[in-house]
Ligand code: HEM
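Next comes just one chain, in structure tokens: the form predicted alone.
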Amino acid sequence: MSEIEPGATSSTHRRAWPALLSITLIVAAVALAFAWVAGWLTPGRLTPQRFTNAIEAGNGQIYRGFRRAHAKGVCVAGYFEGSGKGVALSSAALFAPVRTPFVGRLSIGGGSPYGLDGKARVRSMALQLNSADGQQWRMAMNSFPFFAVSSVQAFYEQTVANAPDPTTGTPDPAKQAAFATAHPEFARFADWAKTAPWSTSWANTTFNGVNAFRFINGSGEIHNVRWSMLPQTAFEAMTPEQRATVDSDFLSEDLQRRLVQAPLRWTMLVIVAQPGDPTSDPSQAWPDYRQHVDVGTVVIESSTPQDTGACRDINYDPLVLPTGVTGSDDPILAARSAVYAVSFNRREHDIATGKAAAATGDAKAQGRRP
């Protein structure tokens, strides 16, 4: 420790006070920011933690060590091959005619890792693309063509309305009806869920990025876009009888059979918005006649169980984006990112503290982690 000359202590302290005060104010501001985000200062505010709590309640129980939503799935790996056409829309390196490897995940909707594939209306694809320049692009897409509701608050209310009643074990029809009345845009989604055909495989399912993003090309031009992954495998529709009798894991079993024969492919089709097309409301589809650009092909080459696969510890946060892609003004996009982070932290904590295998007491849970 250096010595201080006699008489210098008080002047040194006087000079140090402004710096110490500045540091104290910065620390206090950061603490207040964290407190506000966590909802400690505004208990009634909708926070990512409160939203995640609602998802856990909607699952009927907490499946520790698993994703809180889309808990059942498999890891996949392959590459994205750019067509070169996407370069006009975005400067992202993967749109050039190159191959970009990815670690992905195919899953079904619902919070149970033991859900029945034939009962899951929603199917999902998530990708983490790893460009040669070191950048990542994480995508989270679903089989529905548009979002069920138009706001974060409505999304939360939908989650609460669908939670099982403790006395019956099923959602309260009165709460669901009240929610539908309060949010008339939900009728479009309900109609899709009732009438759209169910695919027989992940391989022939279309996956949609229902939130809007912004692509920026090398000239600085900005395009509002959405995208879909269109399967190159011919579509086949399931019958109600098939849905009632298929094996509980038929999607993963079908995937394995197909991959033994050949890789599976999807065309990434980017839809370019025109002025006036809504970007902040994912429940509003854009017209079918908007410009569509084939920017490349997703190729899945292999699949592994999610408990041992490379996708297990990836948070498929849709706002992890490369240069040339940014988020839009869609608030649900930001909410998804925040809730994914809370879910990820909780399941990783479950795993780190040894709680993951204690979710159900079922021997099947031993060692199974998302």
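All figures in this text were calculated on a predicted structure; none of them were measured in a lab. A residue's number is simply how far along the shown sequence it sits, counting from 1.
Keep in mind the form predicted together with the ligand is missing from the figure; the text below concerns it.
Comment: 139-147 is the region of 139-147, 194-202, 218-226, 258-266 lying near the ligand in the model of the complex, near meaning a non-hydrogen atom within 4.5 Å.
209 is the sole member of 78, 113, 209, 86 with a non-hydrogen atom lying within 4.5 angstroms of the ligand in the model of the complex. The closest heavy atom approach of residue 315 to the ligand in the model of the complex falls within 4.5 Å. The ligand in the model of the complex is approached by residue 340, whose closest heavy atom lies within 4.5 angstroms of it.
The ligand is not drawn, but in the model of the complex it has a heavy atom within 4.5 Å of residue 51. In the model of the complex, the ligand sits within 4.5 Å of a heavy atom of residue 345. Scanning 53-72 for heavy atoms within 4.5 Å of the ligand in the model of the complex gives 55, 67, 68, 69, 70 in sequence order.
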